[in-house]
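What follows is one chain in structure tokens, specifically the form predicted on its own.
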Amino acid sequence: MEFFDATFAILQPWPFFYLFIGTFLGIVVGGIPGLTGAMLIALTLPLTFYMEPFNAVVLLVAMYVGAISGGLITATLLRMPGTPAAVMTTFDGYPMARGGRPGRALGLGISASFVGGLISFVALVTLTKPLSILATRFGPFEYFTLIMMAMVLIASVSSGSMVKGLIAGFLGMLASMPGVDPASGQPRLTFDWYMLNGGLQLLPVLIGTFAVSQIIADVLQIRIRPERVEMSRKGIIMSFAEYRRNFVNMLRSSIIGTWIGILPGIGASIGSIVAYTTAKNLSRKPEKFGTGSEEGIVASEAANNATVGGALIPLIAMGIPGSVIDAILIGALMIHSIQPGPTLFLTNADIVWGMMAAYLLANILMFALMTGTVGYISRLMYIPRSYVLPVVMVFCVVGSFALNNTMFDVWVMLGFGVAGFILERGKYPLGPFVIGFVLAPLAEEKLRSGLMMTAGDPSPILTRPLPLLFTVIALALLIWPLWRDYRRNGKTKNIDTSVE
């Protein structure tokens, strides 16, 4: 199935219904403070058990696009980013809205999101297949070192210290270890609990880590009421001249977002930060940034939407998640017995082209829905969380129980909810934790396969070009932040000594 066949298939009644409902729900959840796209997609996974894989992928990709885009609504009107990707939008979107131009601020964000999605779609279509062909030449040691490099990269760019990112990733890998050893067939780390013989299932871990932990955090802040900005649709539609005036910024920010999205685990937040900083440094009016600058809104929203298409590239081509939501998408594919990676074009071409077509159509639908209904969607932001959270909690319990019809999965969900809350309160990022949980079994499988091929000799890691390259990059990513901090602390001590 090629791209046009996949597009035609999605435009049929049921797939289009899933596309529509996924995009709409993504926008709504992205626009409600306290709810996230990761939470929505994790809660939706149980509903896809009995769906056709093609329809399931369409639904989840549409939610992904909608959630990243919907975050700009609260960022603009409440100064509360609906998703972490919209943090930079608050800097200029909210001041512009407070200045009497909320429709203008929303219109800039929606249009930039749409353009960012289109540009990253071009990269998704053109780069994915060549990269997957290259990845088919990877051996087990190449894959193992690539995964390790991705884990270090994720930890090194996580919010907070790199050490905490590495610890979170290690804890995620440790959580994936209980179960039956794939080589010996013997139980490991089960502590004589027969329930752990099958290991910890991905779905309860995801729902607990993202949904339940967020519910706990929201309950503690349930009395907080955001300051409202009156909504106006004036200026929400950009003219052709305005597109032309902002085109360079849109193009540059979209390219930045796409390439940052391709890097494993970095995500939309870093993409929008880099694009915003670049736009400010290259602007003729940098002093306007932070006070309601059009350039700031455009840069942030074009970049964070572009990272979605960029993050899908390593997912499809190599089976490496480009973001936390991509890690959940990998879990969704595995639930349907589909292994993401280089052979996906050969084994499930319909799924690949379906993801690409769904991404394009979801961006078009997102633009139409947000432009036409943003005034109504913005009212949902003010629903008291005391009404929303109990409903979300019920879905968490039902979704976890439906996996195997056992209460054990519900307890796992609750346990990881508490663990996720504790990690976040301790400033340990959840991204490396979840991606470590997802990637550790694959890394173990590739390492064991490589060692079996070489009779236990790990030297190909240092003698083959690509494994050596990935290992060197991983070491550089580990050493550079430590060296930078050492130099910075040394300079600080010298300054203190000279002052004395």
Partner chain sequence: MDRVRKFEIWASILIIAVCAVVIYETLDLPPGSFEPLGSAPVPQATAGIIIILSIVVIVNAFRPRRADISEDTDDVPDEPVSAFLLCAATLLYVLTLHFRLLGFGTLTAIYLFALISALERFQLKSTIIAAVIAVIGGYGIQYLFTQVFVVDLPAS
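Because the structure is predicted, anything quoted here is derived from the model rather than measured. Positions refer to the first chain, counted from 1.
One more form of this protein should be noted, the form predicted together with its partner chain, which is absent from this view; the next part is about it.
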For this session: Evaluate residue 241 for contact with its partner chain in the predicted bound form, applying a 4.5 angstroms cut-off between non-hydrogen atoms, and reply yes or no.
Result: no
For this session: Indicate whether residue 137 is a 4.5 Å heavy atom neighbour of its partner chain in the predicted bound form.
Result: no
Exercise. Does the 4.5 Å heavy atom contact test between residue 430 and its partner chain in the predicted bound form come out positive?
Worked result: no
Exercise. Do residue 223 and its partner chain come within 4.5 Å of each other in the predicted bound form, heavy atoms counted?
Worked result: yes
Exercise. Which of 368 to 376, 301 to 309, 167 to 175, 198 to 206 has heavy atoms within 4.5 Å of its partner chain in the predicted bound form?
Worked result: 167 to 175
Exercise. Tell me, which of 274, 393, 255, 153 has a heavy atom within 4.5 angstroms of its partner chain in the predicted bound form?
Worked result: 393
Problem set entry | its partner chain: the contacting residue among 236, 78, 414, 338 in the predicted bound form [heavy atom, 4.5 Å] | 414
For this session: Establish, in the predicted bound form, whether 5, 245 and 282 all lie within 4.5 Å of its partner chain, using non-hydrogen atoms for the distance.
Result: no
Exercise. Which residues in 400 to 415 have a heavy atom within 4.5 Å of its partner chain in the predicted bound form?
Worked result: 401, 402, 405, 407, 410, 411, 414
